[in-house]
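Only one chain comes next, encoded as structure tokens, the form predicted alone.
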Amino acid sequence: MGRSRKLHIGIMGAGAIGGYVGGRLALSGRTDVTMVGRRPLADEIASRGLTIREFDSEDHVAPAQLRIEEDPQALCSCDVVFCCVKSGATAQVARALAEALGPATVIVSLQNGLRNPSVLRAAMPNNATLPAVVSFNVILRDGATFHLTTSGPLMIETRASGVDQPWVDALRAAGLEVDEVRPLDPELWTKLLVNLNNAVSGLSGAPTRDMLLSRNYRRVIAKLLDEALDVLQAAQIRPANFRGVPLRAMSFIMKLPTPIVRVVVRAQLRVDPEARASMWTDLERRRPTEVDFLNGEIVRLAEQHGLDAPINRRIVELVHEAEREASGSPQMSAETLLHLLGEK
């Protein structure tokens, strides 16, 4: 990818993360941006543009500042494509991208879970496919408004040769905090462990801040995390620290009195009062969730090592029950969740 022209960056999946990243890139004016998304959102953005809302600011991206389509073929001339679809859609999207993209296009997985880069590589073995960790949260609101609700960097396993520097620089110029991390596997595991609480958000309907400041919701989260850490220890997998804090220490903090937790949370990350996990959004919109790629990953790893992960397994079951009900979040109280997880 040369420097004599603008980089052409594609977004496959114009949901919360894809729309936010694509919108920030379009605002910078340093890249040409093409997004691929579902028809209703694509029509909204094509006619009215999109809005990027952050903690203390709001910016509008006019329709002329980016291109949005429904067909992945629109990404055929991209230098880099950020894959932002849900994990359950990755295999289908990978086949579509394999037909659309040439071998020089770099693929970057901005997705939850562990398996997506491997699925993308299998479909496009001649393309460079890089894993990434999105450590911030975005919610998609009405009117194509992409609302950043928690702070954090974008961590990417770039190649040591420096060949990825032009598009990394473009992300930074767009106002995104980017950390280049090699290898990324420990951070991917940490993101998965932190995301175990997405199911609690989905089942409770509680905003992230309310969950973190509720002693009993924290007890549920700590149970999921403790079990998962035991499974990773048995599998000899060492996750990275979360923002400098070991995950065992995080679990300990979760069990402390709420006033102490409030101080720790305030020091670790900025959380908008409206922040909720994507699993809550999926249940509210009657869509399949990613629970099999999050809590389900812990269940599979436990089984591979002759262990059981009953708490995470039960959470998976509860989320699937909510999916089948198709009535949105069941809005379970923390006490109900503790009871369903076997708390006496």
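Quantities reported herein were computed from a predicted structural model and do not represent experimental measurements. For every residue, the number given is its place in the sequence shown, counted from 1.
A second form of this protein, the form predicted together with a small molecule, is not displayed here; the remarks below concern that form.
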query: Answer option from Arg300, Arg30, Arg313, Arg287, heavy atom within 4.5 Å of the small molecule in the model of the complex; finding: Arg287
query: The single option of Val106, Val168, Val134, Ala206 touching the small molecule in the model of the complex, heavy atom within 4.5 Å; finding: Val134
query: Candidate stretches 88 to 96, 159 to 167, 233 to 241, 249 to 257, one within 4.5 Å of the small molecule in the model of the complex by heavy atom; finding: 88 to 96
query: Any non-hydrogen atom of Ile17 within 4.5 angstroms of the small molecule in the model of the complex; finding: yes
query: Any non-hydrogen atom of Ser201 within 4.5 angstroms of the small molecule in the model of the complex; finding: no
query: Any non-hydrogen atom of Arg38 within 4.5 angstroms of the small molecule in the model of the complex; finding: yes
query: Contact label in the model of the complex: Thr190 to the small molecule, heavy atom within 4.5 Å; finding: no
